[in-house]
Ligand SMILES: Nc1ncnc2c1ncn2[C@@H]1O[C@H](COP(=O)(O)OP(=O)(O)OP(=O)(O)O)[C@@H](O)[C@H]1O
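Shown next as structure tokens: one chain only, the form predicted on its own.
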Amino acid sequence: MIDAPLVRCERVAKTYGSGGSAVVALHGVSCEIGPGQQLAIMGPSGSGKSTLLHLIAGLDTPTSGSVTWPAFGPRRSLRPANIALVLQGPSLLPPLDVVENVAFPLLLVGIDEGEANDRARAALARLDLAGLANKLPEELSGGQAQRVAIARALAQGPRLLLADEPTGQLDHGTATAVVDTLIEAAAHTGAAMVVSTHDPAVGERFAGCWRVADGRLSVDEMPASTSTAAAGSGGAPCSA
């Protein structure tokens, strides 16, 4: 039996504003994400990558077309156990220490404080971040803060991990470490993962590649020599 897709987009369009000031962010995008897929969505800033990722995450609604989650059910069932999103810039809450930041989304959905803290500490330990548990966000480097944000996503136990330009504000060495963390985390949990990026060095780390340009989605054609892993991901490896 073939597993149901995690996400299905059918002729999805998104427009912001109306009349002469309307901005069309996406044009008729159709795609699916299956269990275990590892994808990069490549494209320049303003191409529609983030809009697509937010629609996939259920954080926004399309102007036309539909986004459904066949493996999960209705939108209200997406969090905390099904889809988690790592944002681009600083996303930690300044008054809370690292453990509290990681536990916070779990508390919002009614998980007991003790269990939420245990799950937060386990996620931090999994990413070798236990030593940062009692630090405040202002005491972290950019790379540390982004890795804590990944731990926060993992603590939710997602089946689909989304990351929106997670290295966009980091230097090359730190960016490499963050991408390593994402890949290792997905491998450890078996979660599918989609990362949006404009950086070819990040995109080429993933088996599958989707490209967004001017709000339109395309999937790279796969050469005959492409591995089975890439073939299962819905696209060829990303390159410049």
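Values in this document were obtained by computation on a predicted structure and should not be read as measured data. Residue numbers run from 1 along the displayed sequence.
Note that the form predicted together with this ligand isn't included here; everything after this is about it.
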Among the candidates G28, G46, P200, P35, the residue which, in the model of the complex, approaches this ligand to within 4.5 Å (heavy atoms): G46
Per-stretch contact check against this ligand in the model of the complex, the hit in 203-211, 62-70, 170-178, 46-54 (non-hydrogen atom, 4.5 angstroms): 46-54
is_contact(Q88, this ligand) in the model of the complex, heavy atom dist at most 4.5 Å: yes
